[in-house]
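A single chain comes next, written as structure tokens; it is the form predicted on its own.
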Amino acid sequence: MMNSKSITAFVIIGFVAFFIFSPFAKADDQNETDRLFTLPQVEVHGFYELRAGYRTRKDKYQKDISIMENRLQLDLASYLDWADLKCKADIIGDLVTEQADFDLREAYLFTMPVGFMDVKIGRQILTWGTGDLIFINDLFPKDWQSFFIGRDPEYLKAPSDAVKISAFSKAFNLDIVYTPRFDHDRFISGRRISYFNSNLNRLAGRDAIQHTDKPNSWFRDDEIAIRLYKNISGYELAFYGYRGYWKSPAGQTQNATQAIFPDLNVYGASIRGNLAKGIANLEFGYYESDDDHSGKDGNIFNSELRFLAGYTQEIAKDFTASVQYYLERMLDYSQHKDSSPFGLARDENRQLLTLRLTKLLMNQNLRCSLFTYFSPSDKDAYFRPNINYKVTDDLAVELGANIFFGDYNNTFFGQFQNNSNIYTAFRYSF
């Protein structure tokens, strides 16, 4: 049976063949035929990267080396009269898993069938919403494992195999993303990062890898996301809708042997625009846990309300600061407490504060940044310091860390304390 990468390639090749060869029936002269037979030019870009990291705390469930990999990315693009073609893929030699890997990041066709509509078909990176490393209405897959072990932040966004249609008008703009088979997060499973296992009531890792029962049927276990947006006097107003599944495991089977992805509907809105000397944003989302409307099933996450407020401003020359406040409020909380094992009930309200500081130095070739998460409700925190120096236009070196703190092992950031790590990277772009 073909996997998702094979099917994506098959779809793209089919569309390419259709659009390339269908005009031949209309070729009226030799010049037109010669033009159609001309091979398209292909732009080639990419990078080679060496990245290494080490845990700063002893974790008996994981290796001391958090990351040690060579990565070659090839980014191919071709621009035809009727469409753009894009393929981006990574070849990885991973010394932690002692395996080679291939990651198809993008493989899509982009075209404008009519003047007011764009269509993108294939494997693509999708994002929307207003949060800075906090996602409410962005229900596209994330790679949390890459994020926490020290890969470049671009790898937090995992690819989707989808069709994206964008329509534009004076009244409003519309995005529709259809994913014919559910694309889940690359979530924490214990293979590379230890986590709190509620069934064992302790931290676990490679000794208790999380197995899942995931929706996996084409066109039956599908997803659809919709965004309606408009710019009004410099403020971008957007409304969102999503029907699909929780992107990371949000429950377990009745016999507690597998994690599951229950049905999920999300309805949200956001606004972003200038405020004083900076940019402010507000975002809201209602997460409807469609498999457990009452909240009485202790094996499935309850419905939630999520809220985000943020503000960004340049406070000095080449020095930018941004803050965010985020809230998750669980609905039907009394039912959750009644159905949860003693001591493992989640808080009704989870609050999170973030701070990002970015300073550019040496003609903006040196970037020093710090991103901090702090949860006053969970009493845990996560720090992401990073220094990136652009030696030349092609060569960059990097030093960073992922540092976790927490009073309890069962909170989101607290469970990762033993995964704190430092890392360094060398990247040559071409």
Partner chain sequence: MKPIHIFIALIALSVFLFAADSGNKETEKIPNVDEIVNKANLVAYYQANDGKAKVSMTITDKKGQTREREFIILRKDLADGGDQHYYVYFLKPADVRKMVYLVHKHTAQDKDDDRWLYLPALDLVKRIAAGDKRTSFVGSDFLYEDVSGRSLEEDSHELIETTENFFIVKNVPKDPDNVEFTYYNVFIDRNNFIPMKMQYYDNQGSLYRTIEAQGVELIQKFPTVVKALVTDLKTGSKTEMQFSDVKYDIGLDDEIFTERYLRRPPREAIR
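Residue numbers count along the first chain shown, from 1. This structure is a prediction, so every number in the text was calculated from the model and none was measured.
Keep in mind that the form predicted together with its partner chain is not shown, yet the notes after this line are about it.
> Of the listed stretches (248-256, 302-310, 71-79, 196-204), which one has a non-hydrogen atom within 4.5 Å of its partner chain in the predicted complex?
Heavy-atom contact with the partner occurs in 71-79.
> In the predicted complex, does residue 213 have a heavy atom within 4.5 Å of its partner chain?
Taking the distances in the predicted complex, the answer for residue 213 is no, it never comes within 4.5 Å of its partner chain.
> So in the predicted complex, is its partner chain close enough to residue 45 to count as touching (4.5 Å, heavy atoms)?
Yes, contact at 4.5 Å.
> With the partner left out of view, is residue 390 within 4.5 angstroms of its partner chain in the predicted complex by any non-hydrogen atom?
Yes, residue 390 is a contact residue.
> In the predicted complex, is there a heavy atom of its partner chain that lies within 4.5 Å of any heavy atom of residue 276, even though the partner is absent here?
Yes.
> Counting any non-hydrogen atom inside 4.5 Å, which residue from 218, 168, 333, 239 sits next to its partner chain in the predicted complex?
Contact with its partner chain in the predicted complex is made by 168 alone.
> Counting non-hydrogen atoms within 4.5 angstroms of its partner chain in the predicted complex, say which of 97, 231, 265, 351 makes the cut.
Answer to the contact question: 231.
> Quick one: which residues from 80-101 get a non-hydrogen atom within 4.5 Å of its partner chain in the predicted complex?
Those in contact are 80, 81, 83, 84, 86, 88.
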